[in-house]
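Next up: a single chain in structure tokens, the form predicted alone.
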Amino acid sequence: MPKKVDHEARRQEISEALWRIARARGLEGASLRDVAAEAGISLGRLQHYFRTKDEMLVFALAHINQMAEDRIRERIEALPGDPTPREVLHACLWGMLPLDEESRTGTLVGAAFFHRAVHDEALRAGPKDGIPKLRGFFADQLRRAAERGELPPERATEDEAMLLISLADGLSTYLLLDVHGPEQAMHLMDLHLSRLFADDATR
């Protein structure tokens, strides 16, 4: 057991070195040797834990995604009473945006991963499996909202759920490019949620 814990701890240290490079200069030109140097270990030692850059990216992205899920869960659990579907969706969408240093780093690592996944079918397996699950979860929240009379029934669809995911992805891109800042991104997200839900329909 101690050896396994040490192995995972070292993989995490290497992953954090990758994050630091992502924050400082991006990952497109970064090699395994660059990451090894940042982590303070030899290239051979790094390759004991990750044979390829893709393996390292997959591990780093999985850990960052878990951290994002934990942030979202904490935000939802902090809501008073029984959170409404809209509050759950708002917390999820907030957690998907790069609004601070940690989430920005996660988005940068994700961008590097997706750039490589476009040309690698094996790497695309993760998003192709994960996104439909997220879409299904969002659609379930929309259906709950419709049942509660908070959303027109015709909007409680998987298409609307996918539009929410796509909006978060688009806003994330523009945040990374400084087209707009966090406040504007959240304003646009809230504007879309207001139009999606019954706010306008009940006025």
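All figures in this text were calculated on a predicted structure; none of them were measured in a lab. The numbering used is simple: start at 1 and walk along the sequence shown.
As for the form predicted in complex with another copy of the chain, it is not shown, yet the points below apply to it.
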Problem - 4.5 Å heavy atom contact with another copy of the chain in the model of the complex for all of 12, 68 and 75 - result: no
Handout entry: Non-hydrogen atom contact residue 174 with another copy of the chain in the model of the complex at 4.5 angstroms
Key = yes
Exercise for the section: Find out whether any non-hydrogen atom of residue 63 is located within 4.5 angstroms of another copy of the chain in the model of the complex, and reply yes or no. Expected result: no
Practice task
Indicate whether residue 27 is a 4.5 Å heavy atom neighbour of another copy of the chain in the model of the complex.
Solution key: yes
Handout entry: Partner contact for residue 163 in the model of the complex: another copy of the chain, 4.5 angstroms, heavy atom
Key = yes
Handout entry: Sequence-ordered list of residues in 112 to 130 near another copy of the chain in the model of the complex, where near means a heavy atom within 4.5 Å
Key = 112, 114, 115, 116, 117, 118, 119, 124, 127, 128
